[in-house]
Each structure stands twice: as C-alpha cells, then as structure tokens.
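Below you will find one chain, with nothing else, as structure tokens; this is the form predicted alone, and questions on how it binds or moves follow later.
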C-alpha cells in the first residue's frame, strides 16, 4: 500500500463526521457563531427535522467579502487572535464548523457588515465554494443549509424521524438560550413557531431566572432556590428546584461552564450527592448551574463538538457544587414546592371541572369537555355518597377552647386546630390552612437530629476480630486507599496491603453485619464514576432513615394541642422539614383564596 494525502473534500467530510453528527449539531454550531458575533436576536427555521432546510439569521457584526471567503476554509477563525488555546472566551474557536457543514450539504452564507453599502453571498456545495457576489440583507448574517448529508448518504440513513431530530435541535437551542438571556430566540418551520423567547430584562440573575422559567416550565421559578457561591477563584451561580419538585429522569439538569453548555457526569454525581438525603433513588431534581472558572484551569479543546470540558481540579469543582447546593437547601428551611398545594387543590375539584393545566389544549376538540377516567368517576361517586356509619367513620381530635392559640405572623405553619384520623394535624394560618403528616414530619426532624449528632460526635466504629483482606484491581485499590481519611470519618478504616489489596480493620457500628467485599467493590465503582464514596454514605443514610422512621411519632398516635404546636414550631426551624427522607411533602398549605375558588366564591 502507498501512503498518500487525502483530497481536501474527503478530509472535510471526515471532519464533518465529528463536528456534524446530526442536524442539531449543525444548528448548534451556527447559533454559537451568531452568539460570538454579538447578536441580540437569532431566528432559526428548521424543516423536515433539518434534513432538507436549516436557516439561521442574526443581527450580529457580519462579515466582509474577504472574510466570507476565508470563513469556509478549514481552521480559519477570528476567535484566536493570539493562537492561545488556554485563553478561550468564545463558544467557537476551532474554525471547523462552516467548512464541515459545507462539505456535506448545499450551503449559502449572506452577510453584511454594519455601515457597509451592500451584503455579500458565498455558496458552498459539497465543499466547492463560489466567489462572493452582491446580495440583499439589511444587517448581520443569514446561513441557509439545504440537503444536509446529501454528500454522505451513509450518515443520512442513520438519522431519526423528523420529530426526533426537531426535538434534538430544540434542546440544543434551549441550552444556548439559557446561558444567554440577553438574546431573543425564535424557532419555527416557516409556517408555525415552535419556540419564542423574548430578550429578558433586568439584572442577570432575574433575567436568567425568567429565561429558565420559560424553558424549564412555569413552576420552576416559583420553586427555585438561588445559588451564589465562590471558592478559590471559581464562581457558581444559578437556580435549583426544591426536592418536592422533582422528575423521573435527569433531563432538566443543566451545567454551563463560562457560558458554554456542557454535558458532564460530574454534574449528575454532584447533584445526586447534594440531594441524597431528600430524594428517592429514582427521582431527580431540576437545576441549572453556571460555573465561571479561570480559562487557564479549564480545557475546552477536548472534542470537536465542544460539549465536553476537562477541569484542572475536578475535586474542587465538585466540592463547590455539592456545598453550594446543600447550603441553599438548608436555607430553604421548611419550604415545600407550590406544586404540592396545586395537586391537592386539583384533587379536590369537582369531577366535571376541567383541570386548569389542560384548558385550551385540545387541538380540534377544543370545545369538548374532558371526562375523567372510570376509576376517578367511581371514586368521586363514593366520595359524594352519604356516610354509612357517621359515628365511627371520622376520627377527629379537636382542641378544647382553652388549648387554642392565637394565629401569629411569626408562625408560618400556623397553630394547631385539630388532629384527623390520628395522623394529620390541621393548623390555621393568617391566610389559609396547613395539613401536616405527623409521621413524615417527625421522621424528618428525628433524621436531622441524628445527622447533627453524627456530625458533632462522629460515627461510632466497631473493630473486626479478624481484619478482612480484599484483593482487587490495583487501580481500584489505589483509589480507595487515597480516600482512606474520608472513609475513616465515615467509620470505615482501611489500609493498603500490597499492590492490588487492602485490609479492612473497622466498619461503621450502625451498619451491623455487612458484606464487606460487596461494600468495598461498590466504593471502588463510585470513586471511579463519581469521585465520591456514595455507597457507604447511602448505606449510612438508609440506616439513619430507618432508625428515624422507627423513632418518630407514628401515624395513629393521638396528640394533644401542645404536642401538635411543638411539632409545627420545630418544623419551622429545622432545615429540609418540608419533605420526608424520600422527597415527599410533609405538609400541604392551602391558601384561603384558593379554597374560596373551590366553592365559587371567587
């Protein structure tokens, strides 16, 4: 075989395979260029999922005819004036996007520099470019991409349905829009608008929250906690959702590094660690975090798609994220998400009512009433039926008049008025009522007390009569030994025992009899994946939660007025008391105005 240089068109198509994986990749690159050009408005048109037509129009600085000619050449860019890859302040910098897209499509670029006499156009088809020619455009740049991947049929046949490709494209645009609330975005197909985000107003914090609320759902802003933390030159900001506002997947978890949206397992591990005490394993919080880090401590030149970064000190970044999230959650106190009361009010509505969140969303059947399911109708009939045994059907522990306290603004959870079914405390606030699950609430209070005691006194350890020697992969053993001090604080005492082996001398007493081999192997996996001893911490948390459950006030126990009010006051001053250990709410608050709506008073 003879070694030869590949033709430039082939080289560009190979590069395009990395840069332009699907239509969403091309759209992301084009929108990033518009942002780097200083645009304040970006309009995107997508047809057939981006296969047949993509258009990105901006009002940025534009390009001259000479710059247009250079822009479609490989590794031609205006974003590295000093050729310094360690000091990158733009989203793009590699000079690969336009030539890569042009090599696998029919692309045209029309651009006009501010105050120029006219716009200019360059066309590229399968990597072959035309000479610049005069064109019509008021300002900025418009890039049109037709027949994407026509020059690489193999990539074309692996694309998903237009609906799926549209979804990926919208996701890429939304991520960029979150990081740049000062830019207006519209996305459509030429006949209808799929996304419209106006330019957010106000300071960066409020503008960013408005943009997040528009993208992540209107419930997010009302249930978001602000993040603002600094450590050793790193600044972390953003917003996270309350534990009671969670999802079944991590789709609404976003990390931005110096304004660049990235997908990093470090974020998911840090979020999991911070919310570990508040959510079940199958629930995930909503969050958007913005990390500003010195450029010399960051490598963004990892992959042509630029969605991955490398941190010089990943442990510092992870520690900042976990501590900032935990601090914000602690500051939230007894607060629970507004969705809890909304769900409760929805459950109380008559069966003929149309759920508010679905009104006007019926397409061609807009005027047809929504009928509840058969199961819900049956439940509603049973609810409205006369009670057959009134004397024993209800268990009400109403407080005597001399036990009733006056409502005070200083008590957000109000004062107790009654106990229902020996399980639920009903309290009155100055503008509504609060219903507390006494067992779930007290379980959280006991658990927080246990965590505080463990933090102050340390975790008790028990020595093994015969130390356990565990052989494993040498790299895994080294990772565990390197964290021996951290593990000792958690009650697990280990030492190195030659290459690829460790010896376990003490274990946490509260775990009792455990599978030491299984625990050590799980720890090795955790340290490799998340750089944290999650397995041990979760086992300790599970034991603590079980002990708290058994040590708390049980459902079915009758409480007097003083006990009910003491529980309410303790909840108000205890962090995280708004949810139990699995993320379920410990109380529901119903505003008087909402209750009046149920009865048609408003």
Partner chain sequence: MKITIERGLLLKVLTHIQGVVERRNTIPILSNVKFDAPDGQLSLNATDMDIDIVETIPADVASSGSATAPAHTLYDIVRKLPEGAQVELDCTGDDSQLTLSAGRSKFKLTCLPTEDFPVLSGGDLPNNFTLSAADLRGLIDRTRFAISTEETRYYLNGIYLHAAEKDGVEVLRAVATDGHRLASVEIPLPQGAAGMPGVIVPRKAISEIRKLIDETEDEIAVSLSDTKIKFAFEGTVLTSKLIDGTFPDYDRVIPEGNDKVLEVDTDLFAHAVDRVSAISTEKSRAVKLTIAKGNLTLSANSPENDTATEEVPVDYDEAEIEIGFNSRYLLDIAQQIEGDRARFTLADAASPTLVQDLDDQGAIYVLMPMRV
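As the structure is a prediction and not an experimental result, all values here were calculated from the model. Positions refer to the first chain, counted from 1.
As for the form predicted together with the partner chain, it is not shown, yet the points below apply to it.
Of the candidate stretches 99-107, 138-146, 257-265, 449-457, only 449-457 contains residues with a heavy atom within 4.5 Å of the partner chain in the predicted bound form.
Annotated contacts: 280, 284 and 325 are all free of the partner chain in the predicted bound form [non-hydrogen atom within 4.5 angstroms]. At a distance threshold of 4.5 angstroms between non-hydrogen atoms, residue 507 is in contact with the partner chain in the predicted bound form. In the predicted bound form, residue 495 stays away from the partner chain, with no heavy atom inside 4.5 Å. Shown alone here, residue 464 lies within 4.5 Å of the partner chain in the predicted bound form, counting heavy atoms only.
The partner chain in the predicted bound form comes within 4.5 Å of a heavy atom belonging to residue 515. Checking 61, 543, 553, 559 against the partner chain in the predicted bound form, a heavy atom within 4.5 Å turns up for just one residue: 543. With the partner omitted from this view, the residue of 73, 213, 468, 189 that lies near the partner chain in the predicted bound form is 468 [heavy atom within 4.5 Å].
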